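This document starts with two versions of one protein chain, written out as structure tokens and named structure 1 and structure 2.
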Structure 1
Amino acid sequence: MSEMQLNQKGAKLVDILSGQEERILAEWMKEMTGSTRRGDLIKESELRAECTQFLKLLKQTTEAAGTDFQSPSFGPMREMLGDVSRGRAQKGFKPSETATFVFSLKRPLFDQIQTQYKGDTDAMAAEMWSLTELLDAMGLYTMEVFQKSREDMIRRQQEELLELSTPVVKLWDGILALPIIGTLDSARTQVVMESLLQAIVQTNSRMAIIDITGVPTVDTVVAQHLLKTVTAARLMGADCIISGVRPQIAQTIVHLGINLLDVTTKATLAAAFSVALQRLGISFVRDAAKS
């Protein structure tokens, strides 16, 4: 389609929008009812401001670039729709509710087209088709931005959960404990390693206890991840003890032929803590007067 044809289509849409903004806005707001409107997630004033800005940009961009949504002139419109989609994702809107922000504008604009082109069915059909292509492109764009925003949010939440699920605890001066709960995969191993190494540097600790009491199963992959963490800690000058080795885990390690001979292991965190104290030359004497 030539640039002249695009500009003609844009000019027709501008004619439809000119002088009818308030009426179209009112009908558009009515279309966004029920779950689509979500008054519990967005204020009426905020929604009206978004719709008003959308109609203003729609008039400006179609006047300059016709109905080609990929045109550089539609940059401000794409930016505005991106902000709307990201805001909807953060507020908790559903994908369909976000897309309907654009799609619900079809009926008000179609009504205006029917009024203006009454009696000229060919022009009416051509204008409706052009507008449908434009609004569909906008709706798909909002969905793409919304989906990416949701994926980014989920990824950040997963990273935060990983950090929260691997706390490094200072048991004694020079002794750290890292309790692990749940499955230990490659991504989590990286977080565990970084958290432990950072704590070793900050506290200048010489002993680190990795407690796997909360790890449901230990296979070859999990054992390799543990060994990597132990090796990294040793390179930082800290010796590691693995605690929480239950009978079932011990049998699995033997059955799989995993070599943990150069790593000290204990059944309980208390036993590992006792060994760590001994290696640091710390001992306790029971007060006979209180025993």
Structure 2
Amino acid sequence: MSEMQLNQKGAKLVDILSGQEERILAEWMKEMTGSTRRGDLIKESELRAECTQFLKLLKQTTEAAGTDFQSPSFGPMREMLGDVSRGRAQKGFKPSETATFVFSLKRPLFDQIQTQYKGDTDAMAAEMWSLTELLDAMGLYTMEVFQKSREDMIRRQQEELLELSTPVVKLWDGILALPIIGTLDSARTQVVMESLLQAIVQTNSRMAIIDITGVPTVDTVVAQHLLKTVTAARLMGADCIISGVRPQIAQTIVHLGINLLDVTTKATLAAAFSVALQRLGISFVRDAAKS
């Protein structure tokens, strides 16, 4: 299709929009009432501003570049649709509610075409077709951005959760504790190991207690990851004690045939702490006057 034709096509859309913005805007907003409108998630004024901005851009862009959404002239429109989409993903809109931002504009525009092309069915059909193609392309683009920003959000949350759930606490001078909660998969082990090793160096600790009270299942993969962590800590000069080994977990480990090297294991964190203090030669005496 030549540039000339494209521009002509665009020009028609401009005619349709010109002077009718207010009316189209009102109808569009009405179309969106209901499921897509989501008054609970977006303010009426905000939505109106988005729609007004969209119509203005649509008029400018199609006037200059026709209805080919792939053309570089549609850059600002893509940017705007991207913002709309990302904003909705963050606000908690459903994918369908987001897509209809674009699709609900179809009826108001088609109504305008019908009024303006009365009698000229060929021109009307051609105009509707190019408009359908454009709005569909925009709708799909909105979905792509929506999907991508949801994926980004989930990945970010997962990363944040990983870091949140692996705190290293200093129990005493030279003694660290690392409570693990949940399952110990490869990604998790990596984070756990890094924060433990870093804390060992920073605090110059010689004992590290890895507490697995919060790990529901210790299978061979979890065991392998624990052993890897213990070995790495040893290389940094810290000895490890594994605590929170409940009786049922101890039995399972034995049946699996896992060799925990010569790592000391304890049922409770308190018992492990006591062993750690002993190894560092620290002992406590009860104050006779207070007991």
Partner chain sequence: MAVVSTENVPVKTEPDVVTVRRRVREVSSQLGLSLVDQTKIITAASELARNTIIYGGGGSMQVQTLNGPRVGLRLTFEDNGPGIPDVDLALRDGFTTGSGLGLGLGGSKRLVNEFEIFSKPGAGTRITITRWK
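Whichever C-alpha set is largest while still superposing within 1.5 Å between the two forms counts as the rigid core. Residue 1 is the first residue of structure 1, and the numbers go on in sequence order from there. All figures in this text were calculated on a predicted structure; none of them were measured in a lab.
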Of structures 1 and 2, which one represents the form predicted together with its partner chain?
-> 2
Any chance the CA of L55 moves 2 angstroms or more between the two structures, core superposed?
-> no
Core fit, then D262 C-alpha moves 2 Å or more between the two structures = yes
Is_shifted Q248 between the two structures (CA, 2 Å cut-off, rigid core) | yes
Once the rigid core is matched, what's the CA displacement of R234 between the two structures in angstrom?
-> 2.9
